[in-house]
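Two forms of the same protein chain are encoded below as structure tokens; each is given separately, as structure 1 and structure 2.
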Structure 1
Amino acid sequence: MSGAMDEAKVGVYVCHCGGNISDVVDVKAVAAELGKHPQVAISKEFAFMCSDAGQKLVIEDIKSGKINRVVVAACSPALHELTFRKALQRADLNPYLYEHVNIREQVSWVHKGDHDAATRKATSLTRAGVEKILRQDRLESIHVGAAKRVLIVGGGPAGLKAALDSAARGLKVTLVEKSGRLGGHLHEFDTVYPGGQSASELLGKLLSAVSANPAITVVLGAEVKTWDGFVGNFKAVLSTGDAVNAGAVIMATGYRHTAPSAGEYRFGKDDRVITLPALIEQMKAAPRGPLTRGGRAVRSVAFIHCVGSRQIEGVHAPQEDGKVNDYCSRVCCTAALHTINALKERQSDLAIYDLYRDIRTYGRGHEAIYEQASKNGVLFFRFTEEAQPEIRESSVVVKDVLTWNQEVELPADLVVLVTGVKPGEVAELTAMMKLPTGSDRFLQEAHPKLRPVEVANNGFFLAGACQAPMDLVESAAAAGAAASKVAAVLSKDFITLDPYVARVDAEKCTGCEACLPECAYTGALFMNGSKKAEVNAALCKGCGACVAVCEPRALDLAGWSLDQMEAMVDAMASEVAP
């Protein structure tokens, strides 16, 4: 511990959260009750603690000498713990003498029907936070060295953009692509939306810029085979035998097209039925003249949306991992409409029918593509999941919601299935790197608003469609953001990490090694030459698994010590004691 508890002067701040908390919890009562604690010097409630005014309130109380520890009872710490730590730094107080208590997600949002009980619970949790911060050491951040190189996995448009932006910020780049060429799916397209630029020209500019940049090393036909290290000091061994030492990693592993299941809309059984990627490939190979199929002129085309997306468990055939793609693939609608307009430009008399459940033209300039399709004479028909279109010998039958479920039969020389997208084949790689994925299997960011291109694992960043279905514009933006984040992390000769890691009291350690098999992070915990447990702070994630099995209590967690947790439990138990 940092010193005698009687020196601690705690400031407690209870947030209204604009009614999210105060509509359920009596925040004035919580603040008043905490003000009775003998070591709480200040206890206040405020409308928005995360606002500039709320932060200023804390800073002024610290600088005045009234308080030297802070507890904020508000929303999730995932949102604003870092906000208040930085406020403490601006007030010249150790940023780890701060405790964030969640009384929104854990109280007001789950106890709306009982305001009195919610108020008691909020009081109890906040009191526990006070007891924890009273026992908090003045922790110091961990500093580790940083290699000035970024490893980018994936050489599609996002990977190329991330490489160029990283190099422009003074970093060395190793770009690893498992195929034999750079560019990814950009090779498939003739033009790209929303501007209609030539895909080959865009790709050519990217490739020229990458090849001309001496800071970028490209390794083709390679995959990461072994992985080790920590932020600032990662080491990857590639399938080519090359070893890469990097300070940070940008994942740009992209997406795959979803294939229709066997027989879905007669796919694989009727040669008139193809996927949107197959049509785009055909149009690029033969950019002029009327569309043909099997040597026959195509006079009518029906597009069917949401194939391989928005699937329903028990209704649709599962993917290879046994799950369905229950998410919207976002980019398919505009991709289909862009292709439709291109078809109309080359063959104005072509009859085109667009069959959709919902249309999602969400991006800037996308709605104009939809409007242009309508002006081009495309006819739109809306169907429901319960009444999907039926493919017949020379037509498609649909019950059109727009005309009160009237059954319409449409001639169709060609049926195009607008398929969705799913993550690239990186399951082994993400397991090796221990990267988090969402229920949709895409790589998951730490926070969609506050850390949108970062992974919870330190040193990993996301670029493009490895994170979610994205179009080219979005992928480029994400790649630029990831490169900017990497540059910020590697801008100094060292990297600063939070100190919430395991630590060892060597005098208590008996060398029993019971802790070693509990650690899930290779190299984080080991026995030193004195047969005592030792922690590599850069690799430790602070999970506490080792602490739980240490009988002599030689192991503890900085910032979450056993003494702190016992005090928190005692504080909450006192609320319900008879």
Structure 2
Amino acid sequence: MSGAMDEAKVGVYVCHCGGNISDVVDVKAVAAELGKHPQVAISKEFAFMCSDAGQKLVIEDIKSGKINRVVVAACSPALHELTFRKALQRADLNPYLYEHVNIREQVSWVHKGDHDAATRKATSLTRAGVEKILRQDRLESIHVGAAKRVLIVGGGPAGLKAALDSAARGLKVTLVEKSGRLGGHLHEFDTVYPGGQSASELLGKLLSAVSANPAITVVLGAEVKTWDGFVGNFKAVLSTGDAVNAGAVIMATGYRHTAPSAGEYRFGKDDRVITLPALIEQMKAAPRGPLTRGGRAVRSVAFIHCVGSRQIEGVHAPQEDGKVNDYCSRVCCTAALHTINALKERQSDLAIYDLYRDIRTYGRGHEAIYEQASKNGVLFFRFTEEAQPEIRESSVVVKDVLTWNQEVELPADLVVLVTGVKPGEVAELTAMMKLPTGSDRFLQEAHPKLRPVEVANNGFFLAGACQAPMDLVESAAAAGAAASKVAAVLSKDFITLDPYVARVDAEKCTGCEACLPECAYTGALFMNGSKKAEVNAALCKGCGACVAVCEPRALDLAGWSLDQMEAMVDAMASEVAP
């Protein structure tokens, strides 16, 4: 690792930053002091190191063979570390043999009143930079080969769009669908909100495009049976026996409707009580004429929102796993109102009562659907989670907070429970693929704000409602976003990864395994056949947790080794001449 140390010749450059540094720090003294270091071959100060002239100094000194490692003491590395790494590259020197020391933001700007102390500190910090770079290797970016195929699990609209988008980017696609047909929940709808397009037309478009695309292989009635590999090179065997070698995976495993719990709102006991999906199915099956129930015309309908969503412990019966669904299912408010408007269109004299907790018509065009429902004469009643509506013989009773908690009895030939959604049945799959799920059982994204379609596990991406409840517009966007990430990962023949990962000196490794429990990334750190720790650079994120517990110091973080850090601390602790 440190074989290069003997021949190391460091060039040190101290920047004036046009007075920003030199007005406080005696840059000449810093350069002079560093010049005394036995392995510093050149030590200079210069007015503006970041200028072309400054960079040229460095490049010339490298090219003339005087130095083979560089330390620049100047501003924050955020501003110019990359500038100088590129300069090293132009001089044909490994760009990682560079250390940037911050003596502006963290010295001259914050210690204006004490020139001597600032100078001493700048000297110590620069010396620490020298000690670090003396112990630095020529790091190289890590390249991993990549199969130009993406495996997509789930053939609903999100999976279909992701497949089309990926294929359009020149990738091969294997689309695995558990059921016997593609299209998922899109089959259930007549029209979709907010635009009211025909669901079957939209689906038809997707399906014909998929079947016409030779790059997409659809495997129906199949599941992933075995799983192995890592980003660039995943290996799956399907229940059909097909083997798939994919560079990346898009999960599009979708959602399920929640079912009311036994007896909730007399569901299952009273045949007047149905769910919203059941109503939509009935309306689709009989697209015209008045609604009927048990052969009788329906004159009044009560919709009850938040069934299976926004559940409160102690009020609602738990789901199969013993937990309540405390999340909002996002899609049901607008879906219910969209359906209500369709009902009103075919049967304008139908009395409709909408019992809600909050109306969440948040999306583009949603509020207009809510307004249309009001205009259509739908009556709205607001209840609280503590006082749920009660289903009676031929009515529903609600304590309406909008009219000062008046108890209102509403006639109801039909009661529609606006049920929520929960993730598809993926427990086995996620266990096999080692994918994280959240407390809401949906697949867990890498960051809930900034990385919604990525998973912490490299090479996995999320499309649509497997990540959270989503409507069709949002699922399409998520699918496109996932396809974008896949295109980025697989755009080249290899995947380039940061070199700052853990590495093992096999000679020092005693095989004690103390490091294994420290690693949070499955597969990144393991014991190999010769009982030595080994790092899979494609999976390691470079946190260094394993380094801390390795007593023989066999493990280290490339670019941030413990030896380097200790040498830096020593340089900072030691006193220098003022």
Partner chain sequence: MKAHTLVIGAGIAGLQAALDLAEQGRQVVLVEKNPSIGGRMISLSKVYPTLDCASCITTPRMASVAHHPLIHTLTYTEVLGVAKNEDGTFRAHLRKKPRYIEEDKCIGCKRCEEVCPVYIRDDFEHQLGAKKAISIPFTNAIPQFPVLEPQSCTWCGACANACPVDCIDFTQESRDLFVEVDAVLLATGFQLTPIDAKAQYGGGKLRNVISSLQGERLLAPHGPYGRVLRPSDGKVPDSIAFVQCAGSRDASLGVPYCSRVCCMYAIKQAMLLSGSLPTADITIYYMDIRAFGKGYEAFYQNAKAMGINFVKAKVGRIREIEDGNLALRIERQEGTAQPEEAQHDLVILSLGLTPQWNPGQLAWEVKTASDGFVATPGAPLDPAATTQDGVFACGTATGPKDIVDSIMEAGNAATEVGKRLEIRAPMVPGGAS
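The first residue in the sequence of structure 1 is number 1, and each one after it adds one. Throughout, rigid core stands for the largest set of C-alpha atoms superposing within 1.5 Å between the two forms. Since the model is a prediction, treat every value here as computed from it, not as a measurement.
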(request) With both forms of the chain shown on their own, indicate which is the form predicted in complex with its partner chain. (result) 2
(request) Tell me, please, whether between the two structures the C-alpha of Glu131 is shifted by 2 Å or more, with the rigid core used for superposition. (result) yes
(message) Once the core is aligned, does Met432 move its Cα by at least 2 Å between the two structures?
(response) no
(message) After core superposition, I'd like to know whether Tyr327 moves between the two structures (criterion: C-alpha shift of 2 angstroms or more).
(response) no
(request) Align on the rigid core first, then pass along the CA displacement of Cys546 between the two structures in angstrom. (result) 7.4
